[in-house]
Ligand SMILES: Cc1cc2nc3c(=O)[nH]c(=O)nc-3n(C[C@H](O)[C@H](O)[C@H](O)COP(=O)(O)OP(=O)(O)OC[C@H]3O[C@@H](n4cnc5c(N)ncnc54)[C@H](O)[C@@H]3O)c2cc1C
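Heads up, the chain below is alone and in the form predicted alone; it's given as structure tokens.
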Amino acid sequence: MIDFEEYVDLSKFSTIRIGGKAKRVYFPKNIEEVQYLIKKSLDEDKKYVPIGVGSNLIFKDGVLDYIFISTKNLKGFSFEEKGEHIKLFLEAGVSFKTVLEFVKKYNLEGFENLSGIPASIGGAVAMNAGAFGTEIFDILEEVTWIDNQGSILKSKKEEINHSYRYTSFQKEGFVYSATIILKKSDKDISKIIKEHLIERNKKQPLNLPTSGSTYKNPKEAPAGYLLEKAGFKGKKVGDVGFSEKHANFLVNYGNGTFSQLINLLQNAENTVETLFGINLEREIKIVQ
């Protein structure tokens, strides 16, 4: 039987700590259990919602009756050495922190720019997470995933539709595992990671519950710049606001609510469109 919990506080599954309750959250332990849950969502005509670290997920208030699939128990991690390269085979629930510890231990190059992103492998692949000029697709080789009919598939990176902060998995498919390739390095990888973490801490509000980058950067200008010029840096609605450190980061100052968050987002989007003629595209995913 697949492990599950009922009437779960969804704010625990979102790094900004906002959200209602899930009627049920499932905690599969293997690919067959995930496959079963996706087929169940099809049979019951319910949307399935993968949940990882929850750094870009925000849930509305009330009770949500979807097939919530947590990757908490999908922590398979193995590797193989091939000359100067090491392949990592990672299930969806493996955290970036776990990968970073491995990277530092063996001084591997390729993952260091992704340090500090609060993500697990499944969510990071689905959104093509990135930082400091690197995206996870830069080091990705292959993804094992389950489509909306419950079929298990393997796709090479080249076969997956992906771009800046986007992959086709956002529309269809549950990312079950990924293979990434890293290289043995002559650089001091631990030092580079430490520098990135210091830089991230300076620029981002890591001392408060946050959903990370709120909007994708338009081609015209960074979203943070546009929001700051529009007067939204530090602007609050109730206990939800855009950070005073970085205008593109939503933060919860205490008891923020979903309605406050939506109010602030709509205000920001309308203002930026009016002032600059630019439609901000959300990087965060809202489940409602």
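Just so it is clear, the structure is predicted and the values come from calculations on it, not from any experiment. Throughout, we count residues from 1 along the sequence that is shown.
Keep in mind that the form predicted in complex with this ligand is missing from the display, and what follows is about it.
Enquirer: Using heavy atoms only and a 4.5 Å cut-off, decide whether all three of Tyr66, Leu90 and Thr179 touch this ligand in the predicted bound form.
Expert: Negative, none of the three is within 4.5 Å.
Enquirer: Among 202-210, 184-192, 76-84, 150-158, which stretch sits within 4.5 Å of this ligand in the predicted bound form, heavy atoms only?
Expert: Of the stretches listed, the one contacting the partner is 202-210.
Enquirer: Is it the case that Leu140, even though its partner is missing from this view, gets within 4.5 Å of this ligand in the predicted bound form, heavy atoms only?
Expert: No, Leu140 sits far enough from this ligand in the predicted bound form that none of its heavy atoms falls within 4.5 Å.
Enquirer: Whether Arg165 contacts this ligand in the predicted bound form should be assessed with a 4.5 Å heavy atom distance threshold; does it?
Expert: Contact check for Arg165: yes, within 4.5 Å of this ligand in the predicted bound form.
Enquirer: Can Lys285 be called a contact residue for this ligand in the predicted bound form at 4.5 Å between heavy atoms?
Expert: Judged by the heavy-atom cut-off of 4.5 Å, Lys285 is in contact with this ligand in the predicted bound form.
Enquirer: Do Gly130 and this ligand share at least one heavy atom pair within 4.5 Å in the predicted bound form?
Expert: So Gly130 counts as contacting this ligand.
Enquirer: Heavy atom within 4.5 Å of this ligand in the predicted bound form: which of Leu57, Val251, Ala230, Ala247 fits that? Just give me the one.
Expert: Here the answer is residue option Leu57.
Enquirer: Along 9-25, which positions have a non-hydrogen atom within 4.5 Å of this ligand in the predicted bound form?
Expert: Only Thr15 sits within 4.5 Å of the partner.
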